[in-house]
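Shown below, as structure tokens, is a lone chain in the form predicted alone; questions about how it binds or moves come after it.
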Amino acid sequence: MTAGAYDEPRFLPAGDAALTVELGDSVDPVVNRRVLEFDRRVRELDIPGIVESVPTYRSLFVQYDPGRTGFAALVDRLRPLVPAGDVPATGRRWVFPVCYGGEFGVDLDFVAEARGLSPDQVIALHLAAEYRVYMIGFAPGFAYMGGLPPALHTPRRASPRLRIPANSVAIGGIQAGITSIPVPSGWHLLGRTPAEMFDLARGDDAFLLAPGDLVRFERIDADTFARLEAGGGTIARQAG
């Protein structure tokens, strides 16, 4: 078991109609895989009284109807469903085109200066890494990802922007992310992808990414970005 995982899950009340099941205390792929498998098992059983379950980095939030079940009874139902050890990875692999710097990534130069790197070195480090989608949250389809190289770890902006573009490729602290809709944010913008991370026209697949998916990036120029955004080619592809 990874050092970040608890020996036993922690069941914590979250108000009078929800509970949180913590499986660890760190951003760790083993802990997160257990969370996602736990969530899958809970959904598959369709336990009476459960309204919704939401996986996070290291825990599962479970909302329930207190008129149909209670905290103690739910803990008894959930405890046997927690995976005892590591579970296989099941996510998809994606490659996203990104246009870096300039109007697409207004913080690229700042991050480079803050980390003692050139802009091209920042881009090279960002491209070389593989990122894991740990959770979706904050906004519809917003992907919180781990795997950011330590050399790029940069504290968030002291003064958040009131609005950043959708589909921005950004970093904040030890996290990487791709925004889904225009939102306020203190994350640093390195670039933007022409892929639509959130699109209601896709129906049940409105969120392009899901927890457990793995992501890599490839660099494109502004002309290619414009062509892809206009629908002139493949935007994001699943990798083998």
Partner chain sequence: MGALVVQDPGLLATVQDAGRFGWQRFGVVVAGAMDLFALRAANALVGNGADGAAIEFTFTGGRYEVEGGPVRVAVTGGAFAVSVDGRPVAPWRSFTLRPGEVLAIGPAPDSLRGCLAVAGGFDIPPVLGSRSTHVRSGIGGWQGRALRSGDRLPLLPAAAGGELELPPSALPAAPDRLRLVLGPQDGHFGEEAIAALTGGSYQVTADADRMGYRLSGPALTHLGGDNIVSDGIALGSVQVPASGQPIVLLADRQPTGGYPKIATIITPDIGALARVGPGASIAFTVIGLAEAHAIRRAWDAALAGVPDLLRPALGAGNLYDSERLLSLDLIGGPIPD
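For clarity, a rigid core is taken as the largest C-alpha set superposing within 1.5 Å between two forms. Quick caveat, the model's predicted, so the values are computed rather than measured. Residue numbers count along the first chain shown, from 1.
Below, we refer to the form predicted together with its partner chain, which is not included among the displayed structures.
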Open item on the list: When the contact criterion is heavy atoms within 4.5 Å, does F110 count as touching its partner chain in the predicted bound form?
Closed with: no
- [ ] Using the partner position in the predicted bound form, report whether L214 sits within 4.5 Å of its partner chain, counting heavy atoms only.
- [x] no
Open item on the list: Please determine whether L117 contacts its partner chain in the predicted bound form, using a 4.5 Å cut-off between heavy atoms.
Closed with: no
Open item on the list: Under a 4.5 Å heavy atom criterion, is L190 part of the interface with its partner chain in the predicted bound form?
Closed with: no
TODO: Would you mind picking out the stretch of 70 to 78, 123 to 131, 147 to 155, 94 to 102 that comes within 4.5 angstroms of its partner chain in the predicted bound form, counting non-hydrogen atoms?
DONE: 70 to 78
Task: Sequence-ordered residues of 139 to 160 touching its partner chain in the predicted bound form, heavy atom within 4.5 Å - done: A139, P140, G141
Open item on the list: So that I can tell if F71 moves, could you say whether its C-alpha shifts by at least 2 Å between this form and the one not shown after the core superposition?
Closed with: yes
TODO: State yes or no: after fitting on the rigid core, is the Cα displacement of A226 between this form and the one not shown at least 2 Å?
DONE: no
